[in-house]
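Only one chain is included here, represented as structure tokens and corresponding to the form predicted alone.
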């Protein structure tokens, strides 16, 4: 991971959108500043009897359009500035896909890979207890993120419910199906990326059935993006994870289903049959049609943007391209589908899950799939039109669209008292 500050990047993106749309100075200042920031010290009794203290954050950026919404990540390099950036990006993401949420985000600085299940449960429940006063089904709804999933969401939901004295499935999304999760939620981010790639390919006149795709990161988003793009006819020629990358340029590319099974069995993509090992640097700069960064922030920078050969970059990860790299890619004629659009499938189906929780009416996979496709296609075309109208790249177009929608909500509600 880079030492580039993600919150500074987020502010630069907002500042540029404000300049393009001649945003009122006061509104600009409101949007630059999170509404609430909570940092908590989380004591946890480890399996060996020691008490270890972890630092956690919950940032609530803006709720003009609805309750705060955003994931909780567990990672050794979680910082407050990272969480603030992610919360701001969630505000824009929810506005772009036009769901009635604002932006929030949470994170705990820890190494979940070195912790037992019991330690992670104690950590999750203590964190939920410590932020319980500022979350709720109509206030702030969390979700999975890096190194968290349905298991952690279930612990947090149960803890909050116990504190409030009634079952509250709507306090968090990404839960297991048997306690209020939504069908289609697990694959939603990757499927949303695939829909955006499909729409972007139409704009570039790229035939998806002959397209060569490179995916950096083979976690949830990268795995499902690979599966759905393969189903749409694309060839996945290279993927990577935290342990390294592989490249295979044979007929039809990598066998994605077999690769997923290999990764499940071995914990890495390296060692997959017939594939050549490559570095992360090599992977990003491969000759291909579509590059899907699905790992961490700041992977495409001013140092390597000139070497990106893909015609389209579809950002499954949050913040993988720096502002300087954006300018380089735009000048080179690359279509960058920004994170706040490309990976918004997750928050869209989270919204569907929340609605189902509140109404206690649960939907079929087909209904969720069709509704997600409708939301993502509409959002892609809204952003593309805005970018063309302002003669800017899609990131700036998405920011202008999102900021306009949030500002309209703030103005409609008014500043009170």
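Being a predicted model, the structure only gives us computed values, none of them experimental. Residue numbers count along the first chain shown, from 1.
Only in words, not in the display: the form predicted together with glutamic acid (GLU), which the text now covers.
In the model of the complex, is there a heavy atom of glutamic acid (GLU) that lies within 4.5 Å of any heavy atom of residue 143, even though the partner is absent here? Taking the distances in the model of the complex, the answer for residue 143 is yes, it comes within 4.5 Å of glutamic acid (GLU).
Any chance residue 185 has a heavy atom within 4.5 Å of glutamic acid (GLU) in the model of the complex? So residue 185 counts as contacting glutamic acid (GLU).
Is there a heavy atom of residue 200 no more than 4.5 Å from a heavy atom of glutamic acid (GLU) in the model of the complex? Judged by the heavy-atom cut-off of 4.5 Å, residue 200 is well away from glutamic acid (GLU) in the model of the complex.
Is residue 60 a contact residue for glutamic acid (GLU) in the model of the complex, using a 4.5 Å heavy atom cut-off? Residue 60: no contact with glutamic acid (GLU) in the model of the complex.
Glutamic acid (GLU) in the model of the complex: contacted by all of 13, 320 and 338, heavy atom 4.5 Å: Answer is no for this spot.
Select from the listed residues 222, 107, 245, 346 the one whose heavy atoms reach within 4.5 Å of glutamic acid (GLU) in the model of the complex. Residue within 4.5 Å of the partner: 346.
The single option of 253, 170, 71, 217 touching glutamic acid (GLU) in the model of the complex, heavy atom within 4.5 Å: It is 71 that has a heavy atom within 4.5 Å of the partner.
In terms of non-hydrogen atoms within 4.5 angstroms, which of the given stretches 296 to 304, 222 to 230, 89 to 97, 114 to 122 touches glutamic acid (GLU) in the model of the complex? Careful reading of the contacts points to 89 to 97.
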